[in-house]
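The chain below stands alone, shown as structure tokens; this is the form predicted alone.
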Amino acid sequence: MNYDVVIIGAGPAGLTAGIYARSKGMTTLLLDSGRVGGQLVSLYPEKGIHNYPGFETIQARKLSDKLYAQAESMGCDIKEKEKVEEINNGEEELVVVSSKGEYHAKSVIIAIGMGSFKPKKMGCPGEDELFGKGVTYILPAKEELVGKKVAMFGGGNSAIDMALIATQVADTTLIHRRAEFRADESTVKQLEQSEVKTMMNSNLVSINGTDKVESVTIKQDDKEIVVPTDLVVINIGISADLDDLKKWNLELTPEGLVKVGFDMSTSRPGVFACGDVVDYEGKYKQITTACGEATTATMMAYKFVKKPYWA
């Protein structure tokens, strides 16, 4: 099939690019190797997002649903669980080869976030053995937490947001290996005003239990403490796999991210990129940043394809 633009990735950046592409009348296809929504649905669907304009607070899953619905309503073709394997040069076009087909495009926008990703592990005894038996990397739905003791590990915005959700219905302890949180000041303030217990300068030694989680052993100030718990939620970041970028013949930064110009152009004509997958001086990874970059990438793709007289 032929498209004006094929967008690889259907997280916030990719969906925003699709919305803007359709507003400019471009035939648009979005391909995602996983589920539409990216990290919003794969890593922290229950998380409340407090800094997305227009919403005082919105659940990550609901924000994803709104972006998805808007892109779909505007006429974007959207395909899930379809991994892009190659981006080849054709005759005055680009040929996108996926695990399920081949698409011809006049331009391509790469918006794969951190690529294929999985949560980072603590690497302690009991973590693998009790996974799915009380050890999780995604906060379960709130109704599943009622009356439980929850031990949350992490020190960023996501971990604190999850702890704030859990404490509404569960006895929640947030455990962090450092003396200070790395989350936004406003988020830390909410934590301080909540009923979440905190344990700072604390390292996880082991997760204990036989058929299910029963407790965690924490080392704090050279002293080991056993904390009874029903659920261990680990949120210490993600391990990213961006090896696909090497196959797509793009110039990369030393960190393995896509090198872009101020207009989100890459080293390949007609290929643009946006979101967490790109890097430049002063880059700040936020959903709003990704959406802004997607807008720029789409407008540049439009100029490349349509060549309007004013461009």
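Superpose the two forms; the largest set of C-alphas matching within 1.5 Å is the rigid core. Bear in mind the structure is a predicted one, so any value in this text is a computation, not a measurement. Residues carry their position along the shown sequence, with the first being 1.
The same protein has a further form, the form predicted in complex with a small molecule, not shown here; the description that follows concerns it.
A.B. asks: Taking the small molecule as it sits in the model of the complex, is D230 near enough to touch it, meaning that at least one heavy atom pair lies within 4.5 angstroms?
C.D. replies: So D230 does not count as contacting the small molecule.
A.B. asks: Contact with the small molecule in the model of the complex for L31, defined as at least one heavy atom pair within 4.5 Å: yes or no?
C.D. replies: It does: once the small molecule is placed as it appears in the model of the complex, L31 has a heavy atom within 4.5 Å of it.
A.B. asks: Would A273 count as touching the small molecule in the model of the complex under a 4.5 Å heavy atom rule?
C.D. replies: No, A273 sits far enough from the small molecule in the model of the complex that none of its heavy atoms falls within 4.5 Å.
A.B. asks: Contact between I238 and the small molecule in the model of the complex at 4.5 Å, heavy atoms?
C.D. replies: Residue-level check for I238: yes, a contact with the small molecule.
A.B. asks: Taking the small molecule in the model of the complex as the reference, which of Q220, S116, S206, T198 has a non-hydrogen atom within 4.5 Å?
C.D. replies: Partner contact (heavy atom, 4.5 Å) among the options: S116.
A.B. asks: If you check V84, V135, L94, L164 against the small molecule in the model of the complex, which one has a heavy atom within 4.5 Å?
C.D. replies: When the small molecule is considered in the model of the complex, the option within 4.5 Å is V84.
A.B. asks: Spell out whether the Cα of A159 moves at least 2 Å between the shown form and the other one when the two forms are superposed on their rigid core.
C.D. replies: Comparing the forms between the shown form and the other one, which are aligned on their rigid core, A159 does shift its C-alpha by 2 Å or more.
A.B. asks: Fitting the rigid core first, would the Cα of V84 be found 2 Å or more away between the shown form and the other one?
C.D. replies: V84: C-alpha displaced by less than 2 Å between the shown form and the other one.
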